[in-house]
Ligand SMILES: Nc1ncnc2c1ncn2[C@@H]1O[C@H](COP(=O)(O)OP(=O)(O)OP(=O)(O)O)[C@@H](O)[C@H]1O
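In the block that follows, a single chain appears as structure tokens, in the form predicted on its own.
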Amino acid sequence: MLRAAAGVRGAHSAGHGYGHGVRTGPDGAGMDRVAKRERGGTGRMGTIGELGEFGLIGRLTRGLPRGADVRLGPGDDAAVVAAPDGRVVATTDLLVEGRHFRRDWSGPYDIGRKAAAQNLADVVAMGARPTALLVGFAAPPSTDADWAVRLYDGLADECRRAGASVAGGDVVGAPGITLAVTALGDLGGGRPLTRSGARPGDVVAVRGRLGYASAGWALLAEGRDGPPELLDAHRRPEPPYEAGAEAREAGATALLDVSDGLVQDLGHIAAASGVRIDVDSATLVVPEVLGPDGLRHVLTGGEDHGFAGTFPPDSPPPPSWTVIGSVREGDGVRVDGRVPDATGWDHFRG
């Protein structure tokens, strides 16, 4: 059972700390030790059913990164994570096998990296610094224990990229594999960057890759084996975690991560802010590797977890950002003056 409790000022207690007497310490091991392993489970530790709940918890929590923000990690009924700002940014996502990942397309390490990245990116999109993840892991007892361990290696290494830690979670047997990931973050005394701050006259800019993950998904669906950089982008997004701090320092008025498609996600800013957003397709970066449908992938493809934001005209975005449009009075999103036929992903419509 996953439990959370509000804590004392300056810290909060969160999650079920894999509370079965197992504790972890800092681990500075790099990502390469896992990235070089082959995909899939080897079964050398047997199954998670044979390992048992407590044995699995002990193996999964061994070597998890623990930064200064985690005051009490796995080993008690709940973790304790520092909240010096007095506020906690929190977000959660579900990843369901067959819906969000396929084991014949992605290895466990990649799935772990992706699960962490999409949640950490949401924290960054609020202008916050990621501090910790809580991970719920459901899987059939027949799952290779080695597969589960390498899943957690991926979670841990993505946390290292973002400066966060895996603070706790829960494990349970289930018919299929599901991950429930909650990410926490700290605003450092600043205001949250929401979707509702865009104003007419602002410029629209993006940071990070767009379209790569979508193009990679299309290649995998067609049974193709390249280009590798597109397949890897689908399996393992690489959010530019520094984007949140960059946007805040530049005076961004609104910010979000591009998870469901650029047009659709800009539509969330437009709706929340009561404005119209115009995108100039000529300003979009459409690499040749994306193929003949490159512009469509950039406009409607999600899961790259780049960032889109709006900035005042007298406070332009940093050079690492690309200006792609403007904010006007009105509503909705226009691309080259027209309402686009497609916008992006909807979990209930496909």
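Everything numeric here is computed off the predicted structure, so don't read it as measured data. Note that residue numbering follows the sequence shown and begins at 1.
As for the form predicted in complex with the named molecule, it is not shown, yet the points below apply to it.
Blocked or open, judged by overlaying the named molecule from its pose in the predicted complex and testing 2.4 Å from backbone or C-beta atoms: After C-alpha superposition the pocket is open.
Let me test this: is every residue among Asp122, Arg195 and Asp257 within 4.5 Å of the named molecule in the predicted complex, going by heavy atom positions? Yes, the whole trio is in contact, each within 4.5 Å by some heavy atom.
Only one of Asp232, Asp170, Asp76, Asp93 has a non-hydrogen atom within 4.5 angstroms of the named molecule in the predicted complex; which is it? It is Asp93.
One stretch from 162-170, 257-265, 184-192, 80-88 that, in the predicted complex, holds residues within 4.5 Å of the named molecule by heavy atom: Within 4.5 Å of the partner lies stretch 257-265.
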